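Shown next as structure tokens: one chain only, the form predicted alone.
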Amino acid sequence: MATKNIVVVGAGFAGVYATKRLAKHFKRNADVQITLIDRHSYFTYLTELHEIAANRVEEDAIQYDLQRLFGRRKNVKLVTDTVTTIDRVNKQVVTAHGSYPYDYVMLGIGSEPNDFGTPGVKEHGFTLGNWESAIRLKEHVKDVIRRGATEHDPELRKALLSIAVVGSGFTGTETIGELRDWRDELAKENKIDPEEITFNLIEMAPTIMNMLDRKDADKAERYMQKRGINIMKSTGVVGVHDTYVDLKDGSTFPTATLIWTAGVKATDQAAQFGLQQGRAGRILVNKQMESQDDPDIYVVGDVSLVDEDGTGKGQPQIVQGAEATAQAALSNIEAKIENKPSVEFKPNYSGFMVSLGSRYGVANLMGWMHLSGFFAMLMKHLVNMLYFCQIYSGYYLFQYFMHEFFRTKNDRNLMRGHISRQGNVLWTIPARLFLGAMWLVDCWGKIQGSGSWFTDKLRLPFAWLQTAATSGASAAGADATTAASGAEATKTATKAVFSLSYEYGNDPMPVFSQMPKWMYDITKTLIPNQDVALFMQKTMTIIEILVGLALIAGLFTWLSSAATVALIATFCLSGMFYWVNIWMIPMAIACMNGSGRAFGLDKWVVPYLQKTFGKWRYGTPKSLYGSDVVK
């Protein structure tokens, strides 16, 4: 069999999906070679660009290296280059630095924002169509907020601190929701009132989020309004300037950050291939995803246009559409190579999901299941993770999970900040829970039954407290043997053995066989008689219970862990603690490193106390002092 060359142009959702599937299908066929060409060495998860633009995840979190995706696929050749044209006569894909022969081409070069020629958008506005644009937008937002925080002119300050998004589709609503999540962090860094930073969603239509059912869209609208996002419906933007925009009604709106998400079109590159184009520059294809000019060129993803209903509108430019077009195209390429019947494009849109920040979203699944809040966001994450399963990438499935749940900052994840920590504090949570449980289990026998420490029976083993008529000197001598094991002085035992774990048949060795002289003097001074001893044994039991409860709840974890260390040290010096339990000290020290904030009540309590006491001691930091511009 002659070698068949399949060239995939564009490492987007459709291109990566198709290349993975083709590589797996032909992995035992050495006569089929696949070349994937993209101008970047990575695949960008474009649907999460808003997370980069709003500083939710690290900049490289949505970049997936093609070598990591295809390194183990021996029948895939990766090329980082820019495709300039397709030589259909000589069947060559021509790039800026070379050319590649093909039998079949799959063209998935994607789309780009469409500003419809609105004056000023290119010069003063921002779009969100690729990774670079997301970085530019993030840096711009940081810059205008920083400048606005120190601006004395009230009008200019208002424009600098105003962020406007044009278009209420998927990109627009997800972007403004994510930016709103960033607001408090920006305000804190720049020492201004968060309410000064305003967010505005501008939509030309009388309703927003028209890709959703009205019920879901209305729910999302109420959520945005509750968060202070100003929604401007039936409002058109006809011009963009440095610090304001012109509206269709003749008025102006102050903003130094205009993000245009009002439409998409095929990339300008689509015009280079000499293929028929339709609405918004998309390349016309038949239901087999073949271009109308060449049956060996398949066009997939946002750049393709399948006129399903005869309106010329084409399929939605979403990930589900990209996958469906790629599936039809790769199936037909396989069919041609293997002399099998062709298949038609079958759109399968299982639902729509929109996030409005890191914690809330709305979803409509299969046309009848409506979700919002936690469950909608959970479903969005599951769908994103499903894509990595579809392209057989366990590595990036893991990375996605880590970036979205464990490496996020400022409470910006589905769990509202829980389980997320910039370090390994999360993994001390089981230790914290076990340590707290140890205290409670140990105290169970002290609060009930015949061994209760809340009766008038003395439980502390110190010899000077015993009622036996002995001299002070003999009491002091007896104390050494009594305190060594915490048992009765007359107990006979086998020889104590040093170990860090219990050894069957041996008695554990105490850390101190008897109290040091200085500890003996201090303890006798603090607990001189039985009345004080009874009070202390009850008080210590209550403290131990409170420490255990606090550790389990994650409340005042640093203090509770420090108290654990102090109590264990005291018990050791008193001759009432064994080497086999010394693990409690390093475990308590490990729990002091914020495990209560990773998952516990300290997540709310500690920041509240820091804010309250910080304000009480230092007042409220501001960007400007001695100015009456901002009250």
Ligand SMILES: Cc1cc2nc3c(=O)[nH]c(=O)nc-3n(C[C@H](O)[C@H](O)[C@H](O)COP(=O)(O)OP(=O)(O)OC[C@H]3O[C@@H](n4cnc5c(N)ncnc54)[C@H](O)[C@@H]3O)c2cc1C
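No experiment lies behind these values; they were computed from the predicted model shown. For every residue, the number given is its place in the sequence shown, counted from 1.
Unshown form predicted in complex with the ligand; subsequent notes refer to it.
How about Gly167 - does it come within 4.5 Å of the ligand in the model of the complex, if we only consider non-hydrogen atoms?
Contact check for Gly167: no, nothing within 4.5 Å of the ligand in the model of the complex.
Taking any heavy atom pair closer than or equal to 4.5 Å as contact, tell me whether Asp602 reaches the ligand in the model of the complex.
Asp602 lies outside the contact set for the ligand.
Are any of the heavy atoms in Asp81 no more than 4.5 Å from a heavy atom of the ligand in the model of the complex?
Result yes; Asp81 sits at the interface with the ligand in the model of the complex.
In the model of the complex, does Asp181 have a heavy atom within 4.5 Å of the ligand?
Contact with the ligand, no.
Please identify the residue among Val319, Leu465, Cys443, Met232 with any heavy atom within 4.5 Å of the ligand in the model of the complex.
The residue in contact is Val319.
Listed residue (Ser358, Thr557, Thr257, Thr171) with a non-hydrogen atom within 4.5 angstroms of the ligand in the model of the complex
So the residue touching the ligand in the model of the complex, by this definition, is Thr171.
When the ligand is placed as it is in the model of the complex, are Leu46, Leu128 and Gly301 each within 4.5 Å of it, taking any non-hydrogen atom of the residue?
Yes: each residue has a heavy atom within 4.5 Å of the partner.
Where, among 453 to 461, 409 to 417, 247 to 255, 103 to 111, do residues come within 4.5 Å of the ligand in the model of the complex by heavy atom distance?
In short, 103 to 111.
Contact set, 11 to 43 vs the ligand in the model of the complex - heavy atom within 4.5 angstroms:
Heavy-atom contacts within 4.5 Å come from Ala11, Gly12, Phe13, Ala14, Gly15, Ile37, Asp38, Arg39, His40.
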